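Below sits a lone chain in structure tokens, taken as the form predicted on its own.
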């Protein structure tokens, strides 16, 4: 009787894992007599969205085979699943691929729309131009853009197995290694993920990407301060943070929150400085003129008052926008842009060396 019930369970597929209940380890116990059949199913995730549907399907199939028996199907969650997840996380940490990364730098912004991802990609190019081995982790799970910035939207990451563990092969452009959740989804897909799913995906990108030996790993954080930031902080030893802002007062007000997050005693990550992006606009035909479209020096004044270094002021340059759209960071194609980011990269390196 147990064999027949187990065969029924093996015919039911979990829609997300695409495993049957037996091979996927969802069957915890089967108790069967002529009058009563009890099945306990244990799901890996708390509040698995498919649990109820699977339970009903199992009850239906067993009832069809044994219509005169009392059928009971239990759904279990808890200690065993949590223990397994914790063991998996601990194993991931023990074999993390970030162990050969010398310095990890978080690139953050208090609000969206200030050009944080553009700054990250161009700063990576500038560091690589200085001869450093560089990686970029796109941690903006819900709004990933680094794949677009580097022109690798169509890159499908392969995996390599080492000592029985799978590692993700990142894209590589201009000797920069790049990984992003955008490489695993279609451009039209919306990520309807709860925080736990997003954090789990991010954890895999951090610890299972084959980074190799890197001098600098830049992490493009999502805007604001929230769950993803706390996850990154708990997963990695971050050596410093760079805050990106425009001169606009609204943006600067959010910078304050970003800086204070990193300065919080429970976080305690050095703020290397502020990059004031879109600081001014100079038309090509009027090279001596500066037009302060978003206000003048708001981030600069805040940096001075808060005791934070001003790393660089990056003006509005058309080639920066064009480079982002074309998948070629402007630091690699424009001498003018490269000079601004070379200065920024050198200051970041200097600050990190002082903090050693």
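Positions refer to the first chain, counted from 1. Quick caveat, the model's predicted, so the values are computed rather than measured.
What follows is about the form predicted in complex with a small molecule, which we do not show.
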Inset, instruction - Examine residue 115 and determine whether its closest non-hydrogen atom to the small molecule in the predicted complex is within 4.5 angstroms. - result: yes
Legend entry - 4.5 Å heavy atom contact, residue 327 to the small molecule in the predicted complex: no
Inset, instruction - Find out whether any non-hydrogen atom of residue 278 is located within 4.5 angstroms of the small molecule in the predicted complex, and reply yes or no. - result: yes
Legend entry - residue 149 within 4.5 Å of the small molecule in the predicted complex, heavy atoms: yes
Legend entry - Proximity to the small molecule in the predicted complex (heavy atom, within 4.5 Å), stretch among 168 to 176, 116 to 124, 151 to 159, 233 to 241: 116 to 124
Legend entry - Listed residue (54, 314, 37, 311) with a non-hydrogen atom within 4.5 angstroms of the small molecule in the predicted complex: 314
Legend entry - The unique member of 58, 320, 41, 303 whose heavy atoms fall within 4.5 Å of the small molecule in the predicted complex: 320
